[in-house]
Each structure stands twice: as structure tokens, then as C-alpha cells.
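Shown below, as C-alpha cells, is a lone chain in the form predicted on its own; questions about how it binds or moves come after it.
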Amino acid sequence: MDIIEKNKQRMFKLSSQSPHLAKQVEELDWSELESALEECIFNKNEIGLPKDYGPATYFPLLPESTEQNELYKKAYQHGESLIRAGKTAAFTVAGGQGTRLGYDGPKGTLPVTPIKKKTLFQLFAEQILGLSEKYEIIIPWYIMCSPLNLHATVTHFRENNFYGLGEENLRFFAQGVMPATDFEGNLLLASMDSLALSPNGHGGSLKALIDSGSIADMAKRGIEHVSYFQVDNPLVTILNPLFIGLHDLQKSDMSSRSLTKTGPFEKLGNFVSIGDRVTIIEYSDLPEEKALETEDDGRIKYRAGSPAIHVLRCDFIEQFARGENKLPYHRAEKKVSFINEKGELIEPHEPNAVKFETFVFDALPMAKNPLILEADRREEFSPVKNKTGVDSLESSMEDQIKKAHRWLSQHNLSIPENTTIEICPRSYPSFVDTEKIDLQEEDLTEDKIYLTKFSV
């Protein structure tokens, strides 16, 4: 008897006494589970690094030739025309909880700014409002939550009147889940009336966009490009005209931003090329000798790291709906509490289970004309992942303040370095193409300035 049939018989027998378990078993995609078992348990040793690969090429942050300078100007204008024509949408992956930060709630509801203590969701909403006002267009926003924080997230937005964006322009939906199994592929029970379920990885965002009807909604709105970003990065530029313009001009299915790594072992996925295809090798999987390779000028070869910022064509995502493309599953060995055959709850001290995850960057090798554009780390990336230290709430606030100081300095508006500055994203200066700015200040004290508006 194969493992799928064995699991079916066992689960159908157990679920006869539990309506909740029966519903889970009925809704379980058995063919998807079979694929996951095949890839992660029965053929796990067949999946490894590609045989021949090298560092991926990318467009530099600043143009390096007259020809490239002209391309960037053209791309910027083209990107603006796409935004203005209503061809773009924002998509946030927001399934995380604030547990690691000592915060009880969805991570998107975490206050992260230095003066006003605005939440991550508010920062993104205000940036979308600013873009909508500048380009005189409605920019819809799609937010993927986890099954556990979907209700809390929607409640948060409702309590804040959807931050002025209009409920009809936001769409919330839950990420998919996959059941955990033991190392032989047997399904685990979290309780007598529930399977042990876990999110299916950020690659599940593509399936969730399809299953939730979001891609169909985009089609009705005339959306052609989706801007993908994760909820924990308050510095992200949601719609970058240059990035979107290059992406569309190159007819790329999926484009990515890159960061120049701070060192060979920084914990960012590495962009690599395999022939004319691009993929990402996780920092933990790149061999040490590869990570240490350098160019003639001393720079490391594998220096393009991924901050998980992408733009995808809607028709590329639709290929997954039609079954033309399918993301592979990855094996994650974890400690999972489970109910044994005697009905006892077992709390393992060592990894005892396999969780099945897909990664969104695994779509890159399937994408035509993949494009990578370098980003300025100081301007675009300061995630809130840890309670203290690197990539923490404290370090992110510091980076937000430094970014505000840099912009003021660029416009000859120097303010003492020890001044805490916060700028409202609705009028954020990255959207301003002028040298003369008159800033209106609110909440001005001796050492704090909150800037809310600009005029030219």
C-alpha cells in the first residue's frame, strides 16, 4: 500500500469521530501532498545545487555609461506612465507574528517609527496614498496573511478606517497550509481533531493570489504588474518607477532588487545565473569556496544578495494557475508536537517532522528575461526581524532617521545630527523631483521634527 493510500485510510477512520478533522481531510489536496512527499522524502537526495552556475549579472544602482544613463531615463519615464495608467498593484506578504519581538499581534501592526510610532501597515498605506495622489490613480493593495492572523489584520485595518485607502481597494486573504509528516511520510495530528498544519512558505503567495481571486480582480482592474515585498521592511519603496520601467521594457516575467552584500557570509540569498536563467541559492547552501571568490578588483563575486523585493507580471502568475509552472517543495525538519497512536501528546526534543515549504524565488528560473536591479541598502532595506541588534526595531528606527537626514541634507536643509526626524510617507521626498522644497513642520520640539507636507 503506498503512503498516500495509507494516510487516506487512517485519516478517514480517525475523522469519523471529528467533524473538524473530517473537514480538514476533505479539503486536503492529496495530489499536492503526494508531490511534496515525492520531492522532500522519497527523492530528497536528488535535489541539490545546480551543476554549473556563476554570479548573476545585474543593473547597477547608478548608470555606468552614457547608453545606460539614457536607458535609465527612459525606464523611469516608462515606469511612471505604467503607474499613472493604473497598471500596477502592491502586494505585501504579511503572515508573520511579532512574537520574536516580544509583541503580541501581527507584525504589520507593530509600531516602528521613531516619533509617531506608526505601524508598518500605516507606513505602507501612507506611501500608497502619496503615490495615488501624485499619479492621480487608485493603486490597489493585496495583503496575504497567515490563517492565524488574518482576522486580527482585517480588524486592525477596519479600526483604522483602512487608512483612507478605501476598503474596496484592499484585498486580504490567507496563505495556504500544508500538513506536517514524520520522516516516513505519515501525517501527524496536532490534536485528536486536527492535523498538524503549517504555512506553505512564501512561495505559497503565488497560489494564494490565484486561489483568493486576487489575480482575477487584478485582471478586472487592468493590472499588469505586481510589486511584491515583505511586511517587515519599513524602508521599502513600494512602486519604484525605474525598477518597474526596466522590468517592462525588458519584457521580464519576474524582476528583483539586489543588495550588495556586506561580506561573503551575510545572511541573504545569493543571485546566481544558470545559462540564461536566474535563481537564488540560500546563504547557507552556497559553498564556502564560492562565497569567498573575488573579482580582480577585490570585490566578492557573489555579492548580489536578495532583500525579497520583486515585480511579477500578472500573466506569469497565471501560468501557475494553469499548471504550466509549479514551484518545487523544500524540506524543513522541525520539532512538531503530535498525538501518538495511544492518544498521548508527544513534545519532541529533537526534529521529528517534515514541513513542506515553497519559496517565491524558485519562480525565477521559470521567468523569461529575469532582471535584477541593484538597490541602495541605506534607502531600501532595514527589516525588523529581531528584538535587539542587527535587523532589529532599534536599528531600523536609526536607519529611518538617517534616511531622513540624508534627504534634508541633499536639499540644503541641514539639521543637527542628534535631531530625531520622521517624514510622513504620504509626502515622502523620494517622490519629489525638484531642488526647491518648502517643508511644513509639525510636532517641532528641541530634538524632534515630524515632517508631514511638502510644497514646490
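Bear in mind the structure is a predicted one, so any value in this text is a computation, not a measurement. We call the rigid core whatever largest set of C-alpha positions still superposes within 1.5 Å between the two forms. Note that residue numbering begins at 1 and tracks the sequence as displayed.
Although not depicted, the form predicted together with a small molecule is the subject of the following passage.
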Problem - K107, Q175 and G201 each touching the small molecule in the predicted bound form (heavy atom, 4.5 Å) - result: yes
Exercise for the section: With the small molecule left out here, work out from 335-343, 247-255, 72-80, 193-201 which stretch has heavy atoms within 4.5 Å of it in the predicted bound form. Expected result: 193-201
Exercise for the section: Check each of V236, A363, V231, A125 and return the one that places a heavy atom within 4.5 angstroms of the small molecule in the predicted bound form. Expected result: V231
Handout entry: The single option of G95, P140, P179, P370 touching the small molecule in the predicted bound form, heavy atom within 4.5 Å
Key = G95
Problem - the small molecule contact in the predicted bound form: R100, any heavy atom under 4.5 Å - result: yes
Handout entry: Contact label in the predicted bound form: I309 to the small molecule, heavy atom within 4.5 Å
Key = no
Handout entry: Contact test in the predicted bound form: R303 vs the small molecule, heavy atoms, 4.5 Å
Key = no
Exercise for the section: May I ask you to check whether H330 falls inside a 4.5 Å heavy atom distance of the small molecule in the predicted bound form? Expected result: no
Exercise for the section: For K301, decide whether the Cα shift between the shown form and the other one is 2 Å or greater, given a superposition on the rigid core. Expected result: no
Handout entry: Threshold 2 Å Cα movement between the shown form and the other one for Q97, core superposed
Key = yes
Problem - Cα-Cα shift for Q97 and P111, closer or farther in the predicted bound form, minimum 3 Å - result: farther
